[in-house]
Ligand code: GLU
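First, one chain by itself: the form predicted alone, in structure tokens.
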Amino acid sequence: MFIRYVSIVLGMIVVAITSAPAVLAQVNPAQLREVQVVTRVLPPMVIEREQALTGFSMDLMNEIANRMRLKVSYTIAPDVRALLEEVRSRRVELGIAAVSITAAREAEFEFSQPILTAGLQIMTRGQASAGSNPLGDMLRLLISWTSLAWLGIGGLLILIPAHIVWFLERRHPEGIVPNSNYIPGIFYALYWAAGTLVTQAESAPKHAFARVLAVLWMFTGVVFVALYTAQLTATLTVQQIAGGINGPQDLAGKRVAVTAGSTAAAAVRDLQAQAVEVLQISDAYDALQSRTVDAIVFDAPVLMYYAANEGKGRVQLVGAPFRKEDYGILFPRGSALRSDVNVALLRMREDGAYQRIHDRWFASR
């Protein structure tokens, strides 16, 4: 009898053990704990398609929620400032998107283990869009410092031969200066000197020494025009290719679009550039194409995704990413969820789930 009872008890234990996973798997979703999460649309971190959210951050958060048996309810913030405020006010339990881990934020919030290592990147107009407004390019070139400097040099140069020709030709009966008085005689000489410098003299001086001077002045004109043309060509080429921006060191004095409250805004100011703050990164793309700004500085993964998709051929990335940053999941201080989220993240790295999500959005195709 005893053996019979023992066999029954052992059988019940075996049934309980083997059926436990199936029972747990059939938990009613309504019984799952609901967690309020704030995010913001920022491809490829967060993408909104047909009123559904996808992207790297969403895939990561959904996998964490599955492992922790949580039901996630998302709130979309318009920008990073609003996202931080949602967490700060504890209206949500955590925030996830492309939230950089910084010393200032660490003092006010708590972060998870890093979910992605990135950095800031510079974006300029692409070669396809650089020459899209030739009239505007020409006007900007004509009033540039390069043009003004060369015009100033030319103006000073013509004063010397103009005065010499006026002095030699003013009393010659067939000279090119018909009036011996300084005014208006000097204006005739100035017109001759300017015309000879940039084109070809309409008439030649009659005085022997003035004719020698005219030959030398015409040679000077050829050299002057050649150098001036080469300088303008080089300036225009640089403007069309990258606006003179090849790395962070070239941002000083430039108008650079950044999102308000971002780490990019602080970095751009540190580089002595003029930060033009916008609410959405899409506003920065529009400002770049309308030539309101010279460049954009923002998170490298976001700019890379835009350059490879919607902005392909219209924009280009300049230089390597700088100001390396880690992204993390944001929690209010004292969050009870942070420890469990970190455990889930570490297990995802160990079993390969994290890498699969990462490769889905960032692996080279």
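Residue numbers here begin at 1 and follow the sequence given. Keep in mind that what you see is a predicted model, and the values were worked out from it rather than measured.
Beyond what is shown, the protein has a form predicted in complex with glutamic acid (GLU); the following relates to that form.
Contact between Tyr327 and glutamic acid (GLU) in the predicted bound form is found at the 4.5 Å heavy atom cutoff. Taking the partner from elsewhere, Thr263 is found to have a heavy atom lying within 4.5 Å of glutamic acid (GLU) in the predicted bound form.
At a distance threshold of 4.5 angstroms between non-hydrogen atoms, Leu42 is in contact with glutamic acid (GLU) in the predicted bound form. Taking the partner from the other structure, glutamic acid (GLU) in the predicted bound form has no heavy atom within 4.5 Å of any heavy atom of Phe56.
With the partner omitted here, the residue from Thr196, Ser100, Gln121, Ser112 that has a non-hydrogen atom within 4.5 angstroms of glutamic acid (GLU) in the predicted bound form is Ser100. Distance criterion of 4.5 Å from any heavy atom to glutamic acid (GLU) in the predicted bound form singles out Arg105 from the list Lys71, Arg269, Lys206, Arg105. Contact annotation: glutamic acid (GLU) lies within 4.5 Å of heavy atoms from the stretch 292 to 300 in the predicted bound form, the single such stretch among 315 to 323, 335 to 343, 292 to 300, 57 to 65. The single residue of 60 to 89 lying near glutamic acid (GLU) in the predicted bound form is Val80, the criterion being any heavy atom within 4.5 Å.
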